[in-house]
Every structure is written in C-alpha cells, then in structure tokens.
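Two forms, one protein chain; structure tokens for each follow separately as structure 1 and structure 2.
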Structure 1
Amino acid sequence: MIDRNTRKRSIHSAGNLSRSLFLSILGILTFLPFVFALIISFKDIFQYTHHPFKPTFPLMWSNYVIAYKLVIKYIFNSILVSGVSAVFVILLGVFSGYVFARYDFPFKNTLFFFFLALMMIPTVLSLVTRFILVMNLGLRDNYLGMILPYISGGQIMVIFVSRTFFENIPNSLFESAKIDGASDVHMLFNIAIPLSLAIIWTLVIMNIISTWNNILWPLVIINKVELMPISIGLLHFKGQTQSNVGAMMAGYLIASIPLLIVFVVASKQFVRGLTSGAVKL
C-alpha cells in the first residue's frame, strides 16, 4: 500500500503533469487538420458550407463509397509498384552485399565505392536525363518505368547495410557448412539470409515508404490515369471531387490507410527504418 502511494506520487509529480499537459496540447494541434478532415469527410456540401467545424448528421457514408471507387485503383497500382520494387531491391541488394562481405575479388573496394557514391548524389541532378532515357527505352506510361529506376536506386542502401551485417556473422558458421559441402548459393540462402531477417524487414519497410511516397518520378513518367500510383493519383482525384469536399477528404483518408496498416503490423521495423538516417554513412 505504502509502496504504491509513493510510486504514484513520483509519477504524478507537478513536473510530469505539466510536461504531459504541454505534450497533449502539441499533440492535439498536430492532429487537428486530420481530425477536421475526418469530420468533413462525413458531410455533404450543404452541411459543409453551413457547419464547417462541428459534426453534422446524418453522416454521409456515401462520400467514402464515392472516394473508394475513385482511389482504389491508384492504391492497387502503388501496391504493385512498391511491392515488386521492394522484392527486387532486397534480392539484388542482398546478393551484392553478400559478395562484398564474404568474397575477395579485384577492384572490390573501388566497386563498392562506386555504389556507395550514389548515396551522395541527389536524384534531381539526373532527373531530366533519366526521364529521356526511360522514354527512349519505351517505358514511359509503363509500370517498369517506375519499377526499374526504383530498384536501381533502392538497392544501394541495401548493399551498404547488408554488407556490414553479413561481415559480422561469425565465419565459423560458413566454414562448417563448407566442410559439409555446402555451395555458395546454399550458404547465402540457408545461413546468411535467415540470420538477417530482422534487418531485411527493416530495409523492406524503408524501401516501401520511399517508393510509396515518391511524387516527382511518377509525375514525370506517368500520364495515363490507369497507371498512376496513389501519390499522383490523388492529384487527379482532387480535380474530380472539387465540388464535393466531403468525398475529397474521404479519399485523402483512405489513401493514408495502407501505410498505417504497415505501421501497425511492423511498428518496430518502421521506427528503426525512420531513425536509420542518423546512422547512414
């Protein structure tokens, strides 16, 4: 009983309460735009013009039906593009990271630097020429026009991180496998990869976030509405719902759900991925 009281007092000290109060105010302000978007998403245009702030009834669920029909194809495009990109980013990145970690070959360090240097070069430098290249390859208005450059750019981070990780796996594990006659491929898929699944998932999530949120490249390379990922599909959607603010907000909120699901399922990897900027290089 006594223990409990003293613990309670230290937890609910004046300092802790004022900190919580201040954080609560900032938290409410942070979420305010999204709360208003949620409230407005249930209004028709008359409810919105007369009562923009407070909830109104009946709730216009139909806004969500309208918005869903318009944005779902963009979401599927994004799932396809980000999903396929992530799979190949991981495969290619891990393959290269593995040989950099565990094999010797001529010009190894030069080659590694050759990959690594790309992390320092902003994509804006080659935006124009990459666009011309992809157009000349006939990949404009094509999923591959997004996927191939995403794989190419995304694998760099994976090569860098997985090399460091594979170098720290004890050599004895590989040696004993080798004595048992394991092949190079076998050691990669049955020793190296299973031991690094945690870091691989973090890399997967980081890659999905970055391709999912990419606005610039799809804007340059995709004109066909049917092929648009959600990041630019929403711009098109905005034009379609200009006269129905409720449906507009509903669409914006629906568009936020997929990454929110990823966050709920893999919040640990998500958070680790976010802060990795601090350890990069």
Structure 2
Amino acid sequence: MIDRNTRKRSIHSAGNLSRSLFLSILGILTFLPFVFALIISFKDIFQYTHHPFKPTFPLMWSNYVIAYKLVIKYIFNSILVSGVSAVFVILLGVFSGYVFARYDFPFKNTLFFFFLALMMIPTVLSLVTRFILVMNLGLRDNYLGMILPYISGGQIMVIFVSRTFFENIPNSLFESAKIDGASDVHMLFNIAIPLSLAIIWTLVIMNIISTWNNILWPLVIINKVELMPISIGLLHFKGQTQSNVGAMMAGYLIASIPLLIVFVVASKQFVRGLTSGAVKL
C-alpha cells in the first residue's frame, strides 16, 4: 500500500513537473519575439546587419526619439477612437442588457434572439453597406466615420453578456431596494453595475483591443495621414523607417505601451471577469 501511494505521488509530481516545464517553454517562446524586438530597437543599421539578435553598444536611444515623433499622432488617434467607442458601447450595451434582464415587454425574447443572430454574421459581409452609409453621411476621413460603426457593431456582445450576468443577480436584492424606495436607475448604478464590474471591465478591455487592432475598416474609410489610427498608421510608419530597422522596432514597441498599460491596470478585473460564471453572495 505504501509503495502504491508513493508511486501515485511520484506520477502526480512528474505530471506537474511536465506541465510546468511545458508552460515555461511556451511562455519563453511567447515573449521571445518581444525580447528580440527590444534588442533590435537599440541598434543602428550597421549593428543590425552584423549582430541582429545580439546586444550591442552603444545603445541607439535616438531610435526611440525618431519613432516617438512619427507614431505619437497615430497613438493619439487610436486612444481617441478606441476610448470613445468603448465608453458608448459599454453604456448602451449595459443599459440594454439591464432592460432585457429586468423588464418584460412584447417580443422581448424575439428581439434578443435577433441580436444574437447578428453575432453570426461576419463583419466583412457588412463592409460595403457600412461604407455606403458612411459616405452618404459625409463621414469619410472623419473620426465619426470610424467611431459610429464601432459603437453600433460592438454592442451585441455586451448586451448578450450583461443580460446573462444581470439575470444571475438574486432578485431579492432588487425587491429589497424597491421596498426602500429605490428607483430603477438607482438599482442599476448601485446594485447591478457594482456586482458586475469584473465582467464589465472584461468587456471594456476586449472592446478596446478589438478596435485598436482593427485594420480593415480604418483602411477603407481613412485616407488622411493625420487621422490614421495606429493599426494603419504603422504601415505608413514602416514606409518612412524601412531603412532604419531599429527605429521601426522602437515604434512597434511604443505603439504597444497603451494596451499594456490598460491590461496592467485592469488585469485583476479582467481575470475575474473571464473566470466568473455567476454572482455569489
């Protein structure tokens, strides 16, 4: 019996060691390109030609100065577009999800399933109709030409997730609040939203990443360099710095900083939102 238990513990320990080793290797392979990009960003063309992946001295800090001047306007555009889009997507989506969760009205389920059906339609299929609509509204080469389609298309997931989450909140909380004279707005902002902050932060991060990395729609609707977001601005930036690989890599790293900051600030809420399945009180 002792030998059998010892053998089981040995097998279990070996399994844990194998998983840890596999995850460690996977983590190293994930971050390795970023390490190489960081090393290359401090090289001039001579250093890169002779020692592309080996640290060399002196460090070319001027690459970051060059890259910052070229990409900062694209970063600002993406922050503006992604930030405004995320705010309105979350506001409208959460309000709509709350209505679907807490109110009864004619054809509620039919309308909700209609929203779910829209999730099955690939975004590229509506590209032409969105382009024609934006052109008719005179919003090409305009921030609103990017923001409004992001807002209209990004609410579906938020409505679905927020309704599901609000329905899991015990009804007794809302009944107690009603007895105390709380209005519907009060219950939304003081009960529903505080209990759903984790999933809301998750939706915010997912929406920001989606709009930040979207390249097809800005490429279709934006021609002015001063309005380009970072997703297509980097293509223009690459053409300006293709003879200076170090500055190019520095620009890519600078462009990744805003998303890194967002994730670091909201990482705990993001992980909680991904792992939360119901409200536990």
Partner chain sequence: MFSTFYKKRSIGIVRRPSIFVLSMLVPSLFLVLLFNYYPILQSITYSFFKWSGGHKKTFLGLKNYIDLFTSSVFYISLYNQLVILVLRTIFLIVPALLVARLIFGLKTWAKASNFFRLIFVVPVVIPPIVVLLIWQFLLDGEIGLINSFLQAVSLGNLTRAWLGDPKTALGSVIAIGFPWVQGTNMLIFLAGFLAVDESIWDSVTLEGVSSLQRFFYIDIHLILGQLKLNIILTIIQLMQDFVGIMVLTDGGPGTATLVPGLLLYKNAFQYAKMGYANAIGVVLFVVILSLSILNSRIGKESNQ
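Here the rigid core means the biggest group of C-alpha atoms that line up within 1.5 Å when the two forms are laid on top of each other. Note that the structure is a prediction, hence the values are computed from the model and not measured. Here, a residue number simply tells you its place in the sequence of structure 1, counted from 1.
Here, the chain labelled structure 2 is taken from the form predicted on its own. In a two-body description of the motion between structure 1 and structure 2, residues are grouped by which rigid part superposes their C-alpha better; on this basis residue 174 and residue 38 lie in different groups.
Put simply, the small part of the chain turns as a rigid block by 10° against the big part between structure 1 and structure 2, using C-alpha fits.
Its Cα shifted by 3.7 Å between structure 1 and structure 2, residue 49 is reported here after superposition on the rigid core.
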